[in-house]
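As C-alpha cells, the next two blocks hold two forms of the same chain, structure 1 and structure 2.
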Structure 1
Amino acid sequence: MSEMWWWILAGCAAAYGFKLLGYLVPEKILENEKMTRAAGTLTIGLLASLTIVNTVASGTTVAFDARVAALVAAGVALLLRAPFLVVVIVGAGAAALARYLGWG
C-alpha cells in the first residue's frame, strides 16, 4: 500500500471522528438561532463554491466553456422561479447548444 493510501485512510478516519464528535454537541447549542443561521449560511457558501469550481476548473487551469453557458442559463431559470427539473433541462440544453456551436 502506497503512502498516499495511508493519508487517504487517515483523512477518512479524521472526517468520521469529527462526525462522531458532532453527536456529543449539546442539543441546546444546536438549537441556537445563531448556530442554525451559521450552519445554513456555510452550507450555501460551500455549495456555491463547489458549483463555481466545477464550472470553471479544468484540471489545474481555468476554462470558460459550455459549462459557463449552462450555469448562466440555469441561473436565469432560477431567477424566473422555474421548477428544479426545468432548471436542469435548461442548463443541459444550454450546454448542448453551446457545444453544438463549438464553444467548449
Structure 2
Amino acid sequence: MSEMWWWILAGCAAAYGFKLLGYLVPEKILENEKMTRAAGTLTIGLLASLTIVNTVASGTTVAFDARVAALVAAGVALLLRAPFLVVVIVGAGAAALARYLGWG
C-alpha cells in the first residue's frame, strides 16, 4: 500500500478516536472550559489558515493570482447569504473567469 493510503487510514482512525473519546472519557475531564474553548478556537484558526493557504500559497512562495478573485467572489456570495454549494460554484467561476481574462 502507498504512503498516501497509510496516512488516510491513520487520519480516519484518529478522527473516529476523537469522536469516541467524548463518549468514553469521564465528563469531568473533557468538561473543562479551557479544553472546549481550545477545540473551538482551533477550528476557527485552522479554517482561516486553510482558506489563506489555498488562496495565496504556491509551494513555499506567496502568489496573488486568479484564486484571489475566487476569495473575493465567495466573500460577496456569503455576504448575500448564498448557500454553501452556490458559494463554491461562484468561487470556481470567478477563478476560471479571471484566468480566461489572462490573470494568473
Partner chain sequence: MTPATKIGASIAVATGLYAISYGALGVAAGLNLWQVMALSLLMFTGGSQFAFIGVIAGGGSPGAAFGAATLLGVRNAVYGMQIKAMLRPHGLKKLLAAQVTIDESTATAAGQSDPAEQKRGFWVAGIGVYVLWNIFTVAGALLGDALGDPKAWGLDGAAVAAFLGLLWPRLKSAEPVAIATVCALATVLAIPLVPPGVPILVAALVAGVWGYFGRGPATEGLEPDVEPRTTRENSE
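By convention here, residues take numbers in order along the sequence of structure 1, the first being 1. For the two forms, the rigid core is made up of the largest set of C-alpha atoms that agree within 1.5 Å on superposition. These figures come from a predicted structure and were not determined experimentally.
Visitor: Of these two forms of the chain, identify the one that is the form predicted alone.
Guide: Only structure 1 fits here, because that chain is the form predicted alone.
Visitor: Verify the C-alpha shift of residue 80 between structures 1 and 2: is it 2 Å or more after superposing the core?
Guide: No, shifts by less than 2 Å.
Visitor: Superposed on the rigid core, does the Cα of residue 38 end up 2 angstroms or more away between structures 1 and 2?
Guide: Yes, the C-alpha moves 2 Å or more.
Visitor: With the core fitted, just quote the Cα shift at residue 10 between structures 1 and 2, in angstrom to one decimal.
Guide: Shift of residue 10 at C-alpha, rigid core superposed: 11.6 Å.
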